[in-house]
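Below, in C-alpha cells: the form predicted alone, a single chain.
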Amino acid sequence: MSLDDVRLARAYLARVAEPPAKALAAFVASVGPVDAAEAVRKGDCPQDVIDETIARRDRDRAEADLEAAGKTGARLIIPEDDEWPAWSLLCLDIAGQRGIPSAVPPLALWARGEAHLGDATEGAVAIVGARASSGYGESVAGEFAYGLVQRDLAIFSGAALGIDGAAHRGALAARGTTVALLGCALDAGYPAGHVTLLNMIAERGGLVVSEYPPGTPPARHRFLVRNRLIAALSEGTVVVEAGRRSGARNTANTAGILGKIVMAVPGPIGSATSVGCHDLIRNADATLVGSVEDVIEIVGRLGTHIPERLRPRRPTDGLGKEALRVHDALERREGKSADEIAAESGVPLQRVRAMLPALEMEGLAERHESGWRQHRRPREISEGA
C-alpha cells in the first residue's frame, strides 16, 4: 500500500463526513484509512459511521480534489506525513476519551503555503479576538504578534476581520511564521476582505489551513468547529478583545478544555469589546497578560521551546540557592546587619559576609548606613546577554 493510496483514501474520507466526525475518526483509527474508505463506499461499516457518511458517501471526488488543490499550490497533509502535528493534536484524543464530543482530531488538513505545519506548532501562540474590534485591540494584537515572532514563536489565528487579521499582519511585518485556520475551503475566497492577506500568508513563509475540501462554503458551525484546531495547535491562546458571547470566547473555552493555557488582555472598563476578556480574567479562566514578555514567560513555563537568550530574565537569574536566599533576606528600604541576614536566610554568617560584596558588584545589594539592603535599581540584564 503506497502513501498515494493512503492520501487518496483520506481525501475521500475528508469529504464524506462533516467534521468533527467522531465515529468515522474512530473507525479510521481502528481499521486504517484505505480499508475504512472502501467500507464507507459500500456501506459496510458500523451504524454510527453510516449515519455520519450516508449523505455524502457517493461523492467520491478524491482525485479531483487533490488535482484542484495542486493547481492552487495546496497540498493535503495526512497523519502518515512527517509534517503532521501529531503531538499538538494529541490533546484532542485525550479530551475525546474524557467524553468531550467535539474533541476529534481531523482526518486530514488541506494547506497552502511554504511553512512546515509540524515545525510551526512546536512553538505557537494563538491570538484571537473580536471581528468588530477597536483601534486599541488591533494595535495590541499586531504588537503582540510582532514581538512573539521575533522570539521564534509562530502566530496562529482564524483570518477573520478585526483582531485575527491584525495578528496575522503583525507577524508578517516581523517576517515571522503565521498560520491561518479557516472555517471553509481554501478556495472559498472568505473573508473577501482578507483574500490578499491570505495570499500573503501563503507566499511569505506561512500557511493557510483547513480541514474542509475544495468548494466547501463558510458556515457558522464550521467556524466553531475550526476553533478547536486553533486551540489544539498552539501552546496557548491570547484573547485580545471579545464580547461576552463570541467566537473568541469559544476558542478560549476550548483551549481550557484541552488543557492549554488561556491568556486575556484587559481593556477599558467601559469597552463592550473587552467584556469577554474581563469575564475570563475575573472567573480565573484566563491569566492576565499586558505585554509580549508576559506571554513568553507563561508559555515558557508550560514547556514551549524558547531559546534561553530570548526568555525574560530577572536580575536574580543565575544566582545560586544560597545567594538567592541572602538576596531575599534583604529589604528594599531598611538595612540589615550580616548577623540578621544570616539568621533570616539560614546561610552561615561567614558565607553571608562573602556573598554580600559579590551581590553588590552584581548591582543586587548596596551598603547603607543602617546595614545591607537590596539595590533600589538592580542592573538590568539585557536580552541576549
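As the structure is a prediction and not an experimental result, all values here were calculated from the model. Residue numbers run from 1 along the displayed sequence.
Just so it is clear, the following notes concern the form predicted together with another copy of the chain, a form of the same protein that is not shown.
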| request: Answer yes if any heavy atom of D294 is within 4.5 Å of a heavy atom of another copy of the chain in the predicted complex; otherwise answer no. | output: yes
| message | Is I281 part of the interface with another copy of the chain in the predicted complex - any heavy atom within 4.5 Å? | response | yes
| message | Taking any heavy atom pair closer than or equal to 4.5 Å as contact, tell me whether V140 reaches another copy of the chain in the predicted complex. | response | yes
| request: Tell me, yes or no, whether C184 is in contact with another copy of the chain in the predicted complex, where a contact means a heavy atom of each within 4.5 Å. | output: no
| said: Can you pick out, from G73, G256, P268, P218, the residue that has a heavy atom within 4.5 Å of another copy of the chain in the predicted complex? | reply: P268
| Only one of L117, V104, I298, A202 has a non-hydrogen atom within 4.5 angstroms of another copy of the chain in the predicted complex; which is it? | I298
| request: With another copy of the chain left out here, work out from 222-230, 284-292, 147-155, 188-196 which stretch has heavy atoms within 4.5 Å of it in the predicted complex. | output: 284-292
| If you look in the predicted complex, which residues in 98-136 sit within 4.5 Å of another copy of the chain (heavy atoms)? | Y136
